[in-house]
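Just one chain is shown here, as structure tokens, and it is the form predicted on its own.
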């Protein structure tokens, strides 16, 4: 028996690829889109499924056709495809050439039906939405503690505003019990009441993975929550009914952190700007009263009684000077007019003065002769008793002390006896 030929895995994959891709011509297939992803290269990868099977699909450089055709997660499509084999992954796949919608899938239909019913009830009305606090002090997060969404959210939040308080409410985020579990966590956080913002979040996934956030119980719990809520479910292209019911929808968990809290340095810069504007306003507010005060001070000085008195004093000095000049001129004119009369009057006045001086000398000589001092100088004395001048001996008694004034000096004497004459 001949030894069997042994080939490499790559060779086997090449044979399979050749056999599969050339086994049948392109054909039309219908199914529901799931796990769709558009890559930067322009290629679109997704799963096409029905109730009995699922096939991986790739649409090379089909991103533009994907967007223009309005294709999205959960949609039922008809696609022209041919079989393909991805050797590196050892995976069978369909290579799509053309795709068109053929009606909505069951999950998408349920999504749209519930969305319209809840919108008709007003659960998505923008007027019901509450604004987020400007600077929340405590933030509650309803999510899976092991999920990457929570790590991304906390990392971004703490980087933007270190020290912010975060409380985690553990919840399932996928599976049949996830909606009820998240609704209970949301109601518990709302009843606790000390969080200022509640964030409902999880990472991306297929429409099946995110379906819990389209369940009516959880959507109504989000709409009824008295605390402002933020829905950050999946990636930017993912939309859930919780997004419409929440007060704010964030495209990703990281974006939710950025939308809830501004960076600390932005707050500091804004505070600094407000301080600068306040300082400028205060300076302006102070300058105006000071300027007005200066004007009032000038007006007060102009109306000051002291200033008016100084002005009047200067006027008085001026008038006094003018009066002195006028009087001097008047006197000069009068003197010039009286000059001849004064010349005749001067000898008469001199003679009168001489006579009066002679008479005054005579009277002074007589008065001098009658002076008590002159009398004392002639040998007389002046006696006083208790301050009174004595004229009679009866005014004193023996033993009395008398003051005797002489022409020069005085004596104090005691009366020994009284002589009648």
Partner chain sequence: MSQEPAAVPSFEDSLSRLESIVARLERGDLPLEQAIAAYEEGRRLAETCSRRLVEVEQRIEILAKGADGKPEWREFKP
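Positions refer to the first chain, counted from 1. Because the structure is a prediction, the values reported are computed rather than measured.
Note that the form predicted in complex with the partner chain isn't included here; everything after this is about it.
Among the residues 134, 300, 326, 127, the one placing a heavy atom within 4.5 Å of the partner chain in the predicted complex is 134. Contact with the partner chain in the predicted complex, judged by any heavy atom within 4.5 Å, is made by just one of 101, 90, 175, 145: 145.
Site residues 347, 354 and 385 are none of them in contact with the partner chain in the predicted complex, judged by any heavy atom within 4.5 Å. Partner contacts here mean any heavy atom within 4.5 Å of the partner chain in the predicted complex, and among 207-215, 71-79, 155-163, 245-253 they occur only in 155-163. Residue contact with the partner chain in the predicted complex: residue 291 places no heavy atom within 4.5 Å of it. Among residues of the shown chain, residue 114 is not one whose heavy atoms approach the partner chain to within 4.5 Å in the predicted complex. Interface membership of residue 281, defined by any non-hydrogen atom within 4.5 Å of the partner chain in the predicted complex, is confirmed. Taking the partner from the other structure, the partner chain in the predicted complex has no heavy atom within 4.5 Å of any heavy atom of residue 235.
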